[in-house]
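Next comes just one chain, in structure tokens: the form predicted on its own.
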Amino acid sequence: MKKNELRIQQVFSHLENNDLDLGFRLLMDCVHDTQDFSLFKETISLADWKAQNPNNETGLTQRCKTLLEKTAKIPIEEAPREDFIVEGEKLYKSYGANRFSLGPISVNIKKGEVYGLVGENGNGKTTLLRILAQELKLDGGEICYNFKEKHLSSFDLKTKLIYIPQRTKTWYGSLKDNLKFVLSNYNIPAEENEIRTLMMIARFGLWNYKHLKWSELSSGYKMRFELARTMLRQPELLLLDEPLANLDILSQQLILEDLKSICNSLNHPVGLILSSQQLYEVEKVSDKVIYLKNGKYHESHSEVKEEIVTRPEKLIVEIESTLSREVLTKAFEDLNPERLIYNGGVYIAFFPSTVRYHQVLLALGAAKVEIVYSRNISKSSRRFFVS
């Protein structure tokens, strides 16, 4: 089954199972890949109908299925994504003697892949993003950008390479007018400008906010606006610095799901690097996780701490509980834990490689231990943050 056929099938499954919000968002991604303006107009009309009939789930489901059937008939030419669009070799940046330095590190990025960038504050995440965005000059190393369209100047380069900092600038006028202004800079005809703008407004959940001003939007919707503005420019590489900051957990999940889907476009995939302190949420959508420690680069499965990352691999479990260390130690005595440490409000338990996670859960249940949550972090970058 081709990727487009599989994607259509997945959207249909979401609609059948009443996952309407997710199904509608993914349907719009399918429509966008067709670049068929008649379908764009139908999608815009559907978005408007949805906003006016928020409780009519049956009507929305049927309309979505009808649009999906039309979309499935349009052939999609898949873009290649095997080659690296960015190749950074031995990148190095120093802020002076006895001060912070980044690298030397090497980074290779492909289209359609999501790279999570994690690390404690002050370890170089923003510096790396700004280097890749050409905002900071390297003191060593080289970056090669292999974008589809050859760039003759730094301006050409930055039309396909977009960096969104944590704190974005204030803009004036309405949300919709600002988005239309983006396309006007590319000499897009008026009718096409209107249609593309409304499609992006609908895709990022901004339909009911399109006439609002910057001061009238929450932090979450300001970030959605920035992403909509960025995607209208059709970048090949997107660099996001702490896009989840100041967002509630639901907004974080929605933003990440949307980014993952949009960057995996069949005919216009985008390479994405995002930095965040929300490790668990980022790991769920990342194809790779880059961990920075003291300005040095490590992939998520590298040896960073000898006592944490070993071969054969240990089982490492994070547990939040109000009970004492003695109670947990007693519960695990048959599993022969190697260590049980208290780290930042949670316990971290290290078990031999022969122990499985379900055995840990069974031991906690048998001992009737009350826990808030538990998670296997053996392959999570969270294990790098254990003191």
Partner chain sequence: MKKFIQKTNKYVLENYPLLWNIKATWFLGSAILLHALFFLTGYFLMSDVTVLHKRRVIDIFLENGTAFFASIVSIIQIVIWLIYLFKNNAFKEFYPTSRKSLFFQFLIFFCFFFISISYYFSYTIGIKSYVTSHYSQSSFLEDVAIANRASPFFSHSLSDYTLDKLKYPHPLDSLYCETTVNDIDLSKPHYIFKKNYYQFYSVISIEIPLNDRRSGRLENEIHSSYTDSSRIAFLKDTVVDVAAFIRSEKPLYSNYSGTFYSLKYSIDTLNMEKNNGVFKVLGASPYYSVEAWKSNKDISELMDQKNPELIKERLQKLLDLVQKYEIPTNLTTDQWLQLVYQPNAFEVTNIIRRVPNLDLPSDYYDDDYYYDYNYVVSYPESAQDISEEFTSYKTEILTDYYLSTRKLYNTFENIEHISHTNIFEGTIHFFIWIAFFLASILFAFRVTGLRPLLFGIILSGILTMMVGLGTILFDFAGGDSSLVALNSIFFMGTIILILPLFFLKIIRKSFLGIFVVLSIVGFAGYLLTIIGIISTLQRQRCVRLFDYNYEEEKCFILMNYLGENTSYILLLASLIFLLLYTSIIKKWRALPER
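Residue numbers count along the first chain shown, from 1. Values in this document were obtained by computation on a predicted structure and should not be read as measured data.
The protein also exists as the form predicted in complex with its partner chain; that form is not presented, and the subsequent description refers to it.
Trainee: Is it true that 12, 38 and 43, all three, sit within 4.5 Å of its partner chain in the model of the complex, judged by heavy atoms?
Mentor: Verified in the model of the complex; spot residues all out of contact, no.
Trainee: Going by heavy atom distances of 4.5 angstroms or less, which of 182, 285, 76, 86 would be at the interface with its partner chain in the model of the complex?
Mentor: Contact check passes for 182.
Trainee: Which of 293, 222, 196, 158 has a heavy atom within 4.5 Å of its partner chain in the model of the complex?
Mentor: When its partner chain is considered in the model of the complex, the option within 4.5 Å is 158.
Trainee: May I ask you to check whether residue 150 falls inside a 4.5 Å heavy atom distance of its partner chain in the model of the complex?
Mentor: Residue-level check for residue 150: no, no contact with its partner chain.
Trainee: Look up in the model of the complex whether residue 93 has a non-hydrogen atom within 4.5 angstroms of its partner chain, and give yes or no.
Mentor: Residue 93 belongs to the contact set for its partner chain.
Trainee: Decide whether residue 134 counts as a contact residue for its partner chain in the model of the complex under a heavy atom distance cut-off of 4.5 Å.
Mentor: The answer is yes: residue 134 has a heavy atom within 4.5 Å of its partner chain.
Trainee: Residue 233 versus its partner chain, in the model of the complex: is there a non-hydrogen atom within 4.5 Å?
Mentor: It does: once its partner chain is placed as it appears in the model of the complex, residue 233 has a heavy atom within 4.5 Å of it.
Trainee: Which of 285-293, 167-175, 243-251, 205-213 has heavy atoms within 4.5 Å of its partner chain in the model of the complex?
Mentor: Result for this chain: 167-175.
Trainee: Residue by residue through 110-130, tell me which have a non-hydrogen atom within 4.5 angstroms of its partner chain in the model of the complex.
Mentor: Residue within 4.5 Å: 130 only.
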